[in-house]
Ligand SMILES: Cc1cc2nc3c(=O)[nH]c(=O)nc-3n(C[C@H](O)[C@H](O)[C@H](O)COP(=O)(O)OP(=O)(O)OC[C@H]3O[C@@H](n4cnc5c(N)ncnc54)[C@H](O)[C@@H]3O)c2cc1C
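Taking the form predicted alone, here's one chain by itself in structure tokens.
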Amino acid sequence: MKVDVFVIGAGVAGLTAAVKAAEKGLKVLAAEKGSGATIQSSGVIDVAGYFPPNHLLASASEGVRTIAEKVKNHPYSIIGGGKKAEPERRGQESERKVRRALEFFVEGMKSVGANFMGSLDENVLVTNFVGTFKPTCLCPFTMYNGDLRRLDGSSLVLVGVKGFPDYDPKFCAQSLWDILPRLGIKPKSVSHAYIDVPSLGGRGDILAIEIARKMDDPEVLENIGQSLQKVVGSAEHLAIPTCGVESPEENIKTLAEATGANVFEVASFPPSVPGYRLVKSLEKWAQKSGVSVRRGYKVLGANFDKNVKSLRVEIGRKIVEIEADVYILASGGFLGGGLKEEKDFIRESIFNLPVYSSDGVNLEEVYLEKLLSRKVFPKGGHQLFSCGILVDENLQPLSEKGEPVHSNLYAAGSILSGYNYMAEKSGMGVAIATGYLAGLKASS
């Protein structure tokens, strides 16, 4: 098989890169062995929520600029010009590129019926299944009206589903009541309620995806609307754990009309329904753009000298050679399989590229356990989650000598070192920005 561009990975970074490369009419293949890490996400687009790790950012644009100016190994810094660029200029250039990439993503999602709301200039505060919050740049329409700042001076009812163990609205209500004043938000009340979902009653092991699929049934949705009418009282806001798979935006609007309240979806645990919807929307966007998206393709290794010649790919019981002119490595970190543990050390899975810590230390002889803190939630996060490969300003992977390893290989997403997406809340922003730019470079 021969293609123009082979993208290894079909998550946010990989498919954004694939779509951008396909704009020039190239034959693009995006392949992944499984469902990847995107489906494990909350479905929102975090760009920069905290920096330093304990400082809440009012806007992602501020975060991108500050990170690019101060952290030389961070992907935002690299796309802004790298270590040689003057800090202020690097910050400005990084923000410009991130903004352009996000606009590309938002328009792409809109073209397949998935509306992402928000702005690089103001983070949204969304609540989650544990009654806390996260700052995020963009979120689905279904969550956007749940920005916690809208609760100031009003009442909220958190609604759970009987038999759905993953979400405890009573606990979340108490948690939010305690947390919101610390954010300068003073609601009139935060309470909770439970409803039944038709045909799922009597069980104690209901899954979020089951509830979501039921809500796509007009009759079930009407029944849920009637149940919500009974619990809304005088509250202005209703939070529900999910709102559907196929028609989430329409379902939210229907429930809002039925209750007279602002109804919104809560960010959930992985594997989340919004994460699943994001994956499906990305695939639709890619396929609409002419990208061939394949899952069940396990890349075993590469044939290369100065250039990458081909990849050995396992498809079912067959092993085939796939050739391309350009390759984009968007295989992810540990969740995606781009990094692996091998005899207590960290290794890159396909090209045997050197792996580095966030501060640029080669990890070839560093035991994996040294990158984990004894604390479950250490300040700044575990070093393990900021490990990856080094790239230059063109997003080409570097050797130990600091030179591009292969002239036709680019990289994007969480395979890159230099940032801790969990601590910074920057994962999707890095994925979209580097994916966009890698796709642009690959098609040049």
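Everything quoted here is computed from the prediction, not taken from an experiment. Note that residue numbering begins at 1 and tracks the sequence as displayed.
The protein also exists as the form predicted together with this ligand; that form is not presented, and the subsequent description refers to it.
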Three residues, Asn73, Val355 and Ile389; all within 4.5 Å of this ligand in the predicted bound form via heavy atoms?
no
Taking 4.5 angstroms as the heavy atom distance cut-off, pick the stretch from 206-214, 156-164, 111-119, 324-332 that is near this ligand in the predicted bound form.
324-332
Even though the partner isn't displayed, in the predicted bound form is Pro270 close enough to this ligand, meaning a heavy atom within 4.5 Å?
yes
In the predicted bound form, does Ser42 have a heavy atom within 4.5 Å of this ligand?
yes
Does any heavy atom of Ala431 come within 4.5 Å of a heavy atom of this ligand in the predicted bound form?
yes
My question is simply whether Thr38 lines the interface with this ligand in the predicted bound form - judged by any non-hydrogen atom within 4.5 Å.
yes
Mind listing which residues of 276-301 have a heavy atom within 4.5 Å of this ligand in the predicted bound form?
Tyr297, Lys298, Val299
